[in-house]
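Only one chain comes next, encoded as structure tokens, the form predicted alone.
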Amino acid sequence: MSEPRILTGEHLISGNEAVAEGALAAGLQGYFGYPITPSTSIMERVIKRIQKIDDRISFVQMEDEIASITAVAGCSWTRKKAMTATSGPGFSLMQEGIGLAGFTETPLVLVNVMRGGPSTGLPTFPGQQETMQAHFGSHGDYLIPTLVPSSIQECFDFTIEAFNIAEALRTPVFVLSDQIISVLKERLIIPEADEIEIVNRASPSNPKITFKGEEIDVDFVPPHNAFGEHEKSFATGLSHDPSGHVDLSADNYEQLIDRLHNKIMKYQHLMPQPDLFNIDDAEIVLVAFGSTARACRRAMILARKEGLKVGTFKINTLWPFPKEQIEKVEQGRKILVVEMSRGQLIWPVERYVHKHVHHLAYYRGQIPTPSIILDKIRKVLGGDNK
């Protein structure tokens, strides 16, 4: 029995299932992956669904994660929307391929469901220890948009956003989930197909595209001359000009690196912006993302009941970091960074607020509970700087 590609309506499903549905709704045409906990159910949902969809969607379970990211990039160069999903060690194995995809301006989506690490670490427990790896995992200078959902609805919505950003800006895009979000079940509302914005990358014959009502500047994002189309196409990991031809000159390399960075920064405002709660009168602001942001939201509510003036700054796009927004929110307030890491999120926060901030580093393979966060809030407001 066939099913529609987009399952409009209300559903009670997990975060990983919502990611798969978001990919299908965005126009997924190729999935290449390797099973690894806790991301595997994304792949399982995709293969289950595509067998019931009339559209042609390629699926291959690869021999490892190195092959997976390479296959996704190759599929994308045939003008197909492609993705993979992984966790922990798999994300590490993909880094060289990620660097190549970034340098060749290859649109693709990579979902990384974070768990405790390093190495095998805690395969079935949550972590947020790939915060910096998402930015600096591969060698060289590059910037990859990184979206961080904290609910099942956002797993669906942000996956669609990831595909649209990838297509509009010709770049890999990460979706960083975590083990808590991956298995959590909540209500998901999938809208009608005509209510979902779908972006398809520019081509030499159609160089002008729009994303969220804004035309993408071809000087920043050259049209994609995919394999088998128009004139001969070129893709190389060497320094190259906008057409893909090798150019190792100093001036060209500097211009290329700058353009790859600037095209992301130019359109940062089109990516999911931070959610701010109770900021106006806040004396302390909790900064977090993913499942940790959920605990912070509850801790804020409990603190407010005690008369403590607490706000939350929920990050939705981790990279590029929401520099301007965090600077505006700081305004002399105390900042408390809450993360499931020994100290990765605190680095960009302190860099952009230009001062020491308070920190709750919780790296126990567990999410910090609202009561733990509330206790830390009380200590900070009481003058305890530890």
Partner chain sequence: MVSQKELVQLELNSNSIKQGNLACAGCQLNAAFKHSLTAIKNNGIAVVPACCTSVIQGAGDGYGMNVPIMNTAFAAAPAVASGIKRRLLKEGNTDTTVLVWAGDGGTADIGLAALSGAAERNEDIIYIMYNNAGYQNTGNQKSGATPRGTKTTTTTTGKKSRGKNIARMMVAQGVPYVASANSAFATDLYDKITRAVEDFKGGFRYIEIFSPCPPGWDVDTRDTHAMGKLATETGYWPLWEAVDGVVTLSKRGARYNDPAKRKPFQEYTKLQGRYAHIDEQLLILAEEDIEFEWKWIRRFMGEL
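Residue numbers count along the first chain shown, from 1. Given the structure is predicted, the values throughout are model-derived calculations rather than measurements.
Unshown form predicted together with its partner chain; subsequent notes refer to it.
A.B. asks: Would T37 count as a contact of its partner chain in the predicted bound form, using a 4.5 angstroms cut-off between non-hydrogen atoms?
C.D. replies: It does: once its partner chain is placed as it appears in the predicted bound form, T37 has a heavy atom within 4.5 Å of it.
A.B. asks: Is it the case that E44, even though its partner is missing from this view, gets within 4.5 Å of its partner chain in the predicted bound form, heavy atoms only?
C.D. replies: Yes, contact at 4.5 Å.
A.B. asks: Although its partner chain is absent from this view, report whether E330 comes within 4.5 Å of it in the predicted bound form, heavy atoms only.
C.D. replies: Contact with its partner chain, no.
A.B. asks: Does any heavy atom of W347 come within 4.5 Å of a heavy atom of its partner chain in the predicted bound form?
C.D. replies: No, W347 sits far enough from its partner chain in the predicted bound form that none of its heavy atoms falls within 4.5 Å.
A.B. asks: Mind telling me which stretch in 317-325, 335-343, 356-364, 29-37 gets its heavy atoms within 4.5 Å of its partner chain in the predicted bound form?
C.D. replies: The contacting stretch is 29-37.
A.B. asks: Of L308, I190, L143, L93, which residue is found within 4.5 angstroms of its partner chain in the predicted bound form when only non-hydrogen atoms are counted?
C.D. replies: If I apply the 4.5 Å criterion carefully, the residue I get is L93.
A.B. asks: Going by its partner chain in the predicted bound form, which residues of 59-86 come within 4.5 Å of it through any heavy atom?
C.D. replies: Contacts from 59-86: F59, Q61, E63, D64, E65.
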